[in-house]
Ligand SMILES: Nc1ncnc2c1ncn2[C@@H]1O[C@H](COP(=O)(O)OP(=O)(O)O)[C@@H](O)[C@H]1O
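A single chain, nothing else alongside it, follows as structure tokens in the form predicted on its own.
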Amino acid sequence: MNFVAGIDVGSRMTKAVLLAAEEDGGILGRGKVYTHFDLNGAAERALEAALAEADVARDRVDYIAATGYGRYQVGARDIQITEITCHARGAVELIPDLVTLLDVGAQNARAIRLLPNGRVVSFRMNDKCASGAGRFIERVAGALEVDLGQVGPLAMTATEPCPISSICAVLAESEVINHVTNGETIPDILQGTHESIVDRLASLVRQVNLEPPFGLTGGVANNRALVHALEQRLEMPVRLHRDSEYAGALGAALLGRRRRRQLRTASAVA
């Protein structure tokens, strides 16, 4: 059996998924590593992790599709595909009846209106640096010296959320320090951070004519505090999947598999 891989090189994390090339099954292997500065190296490490999970040898992969901001640096790629297209395709594979999708990564947030087949009707992206994305949470967590994995659980214990008014992730650190000096608690500051981000995300997603079912992908899908705040602000449930953070890589793999089949069909006809 041969395989296809999808690799999503993001600004913070690089993800890879492995699919069977000839069959229509789901994810066989997943890999996730920090991107750092060696984008091609990150892609290879993520792919190696996905191969290890699936117990597949590297030479059995005969088609690789790359996406994400670092997609052009993936030396082994057979095709590169834009993030919007891949996240949309991957999201509807994970959550088939989606109409509206919000993908939140470390640096960017994208609101996407979808057709049932995963085609993109319209989309909007944040234009205020990382103000509506995961990096904003990271900077606040760093200023508070809180482990990123504890941000969501701590925020859920807040009693009086303390708003963060800065839209810049860097300036927000100074604001957080001021709140600490004024005696605000860490849970209240963290929950205020989530609510501030959700304000911007809600505005973004409404620009594509928000309709349910509404889904969330990207690493922040694992942050229960942000998901809860988003549901409260939009007054509708947020659909999730355990592989939500792999939506971009999955979409790349699915589109890569389709392209591989097209090439083989064309070759056979010729």
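Residue numbers here begin at 1 and follow the sequence given. The structure displayed is predicted, hence computed values, not measured ones.
Beyond the structure shown, there is the form predicted in complex with the named molecule, which is absent from this document and is the topic of what follows.
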**OP:** Using heavy atoms only and a 4.5 Å cut-off, determine which of I79, M156, M125, L148 is in contact with the named molecule in the predicted complex.
**Re:** L148
Subject >> Among the candidates S174, T185, Q73, Q107, the residue which, in the predicted complex, approaches the named molecule to within 4.5 Å (heavy atoms) >> reply: Q107
Original post:
Is there any non-hydrogen atom of G10 lying within 4.5 Å of the named molecule in the predicted complex?
Top reply: yes
**OP:** Tell me, yes or no, whether V205 is in contact with the named molecule in the predicted complex, where a contact means a heavy atom of each within 4.5 Å.
**Re:** no
**OP:** Evaluate Q232 for contact with the named molecule in the predicted complex, applying a 4.5 angstroms cut-off between non-hydrogen atoms, and reply yes or no.
**Re:** no
Original post:
Even though the named molecule is not shown here, does L216 get within 4.5 Å of it in the predicted complex, heavy atoms only?
Top reply: no
**OP:** Pick the stretch from 40 to 48, 208 to 216, 235 to 243, 222 to 230 whose residues have a heavy atom within 4.5 Å of the named molecule in the predicted complex.
**Re:** 222 to 230
